[in-house]
Structures are given as C-alpha cells and as structure tokens.
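In the form predicted on its own, a lone chain appears below as structure tokens.
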Amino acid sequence: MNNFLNINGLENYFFIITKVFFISCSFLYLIFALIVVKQVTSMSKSVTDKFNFILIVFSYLHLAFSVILVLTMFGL
C-alpha cells in the first residue's frame, strides 16, 4: 500500500512526459527555423534589396538559437 501512494514515482513520470514534450516541441521549432532559412535565402535570390544580407544573417542567427534550444532541452 505504501508503494501505491508513493508520490515520488508519479513525479518522475510527470517529469519524463514533460521532458519528452519539450524536446519534441524544440525539434519542431528547429524544423521551422530551417524552413525560415530556406525561405529567406530563396527570397533574397529573387528579390534584390540592400537589406538581404541582414535578413540572411538574422535567419541564420535564428537557426543557431533554435539549435541551442534543442541542446538545452536535452540538458534538462
């Protein structure tokens, strides 16, 4: 009966489910960041503007931060 009411085991299961949820959401965000980079580079090839380089740099920074997000989620 004591093992049934052990709240420590339920906390571990909740933590595992939460960790899987955050890792999967961060992978989805990484895929989104890859799509943003692809779209920005294709847009900058078709539209010439003086801000294309800045947009490409920001898209790659966004990708780098999303990779950092995935790595920190694995560190949870």
Partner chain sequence: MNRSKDLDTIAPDDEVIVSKPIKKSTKEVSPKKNPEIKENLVKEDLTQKIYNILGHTKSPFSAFLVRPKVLTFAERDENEEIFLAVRPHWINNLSWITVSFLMLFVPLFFKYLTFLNFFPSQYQFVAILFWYLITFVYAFEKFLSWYFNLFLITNERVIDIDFNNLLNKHFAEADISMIQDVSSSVKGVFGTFFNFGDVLIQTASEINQINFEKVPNPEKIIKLLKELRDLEEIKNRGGNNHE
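Everything numeric in this text was worked out from a predicted model, so none of it was measured. Residue numbers count along the first chain shown, from 1.
Beyond the structure shown, there is the form predicted together with its partner chain, which is absent from this document and is the topic of what follows.
Asks: Find out whether any non-hydrogen atom of Val36 is located within 4.5 angstroms of its partner chain in the model of the complex, and reply yes or no.
Replies: Close contact exists here: in the model of the complex, Val36 approaches its partner chain to within 4.5 Å, heavy atoms only.
Asks: Just checking whether Tyr13 would be counted as a contact of its partner chain in the model of the complex - the rule being heavy atoms within 4.5 angstroms.
Replies: Tyr13 lies outside the contact set for its partner chain.
Asks: Applying a 4.5 Å heavy atom distance criterion, does Met43 contact its partner chain in the model of the complex?
Replies: Flag for Met43 set to yes.
Asks: So which residues in 40 to 59, when you check its partner chain in the model of the complex, have a heavy atom no farther than 4.5 Å from it?
Replies: The stretch 40 to 59, when checked against its partner chain in the model of the complex, contributes Val40, Met43, Ser44, Lys45, Ser46, Val47, Thr48, Asp49, Lys50, Phe51, Asn52, Leu55, Phe58, Ser59 at the 4.5 Å heavy-atom cut-off.
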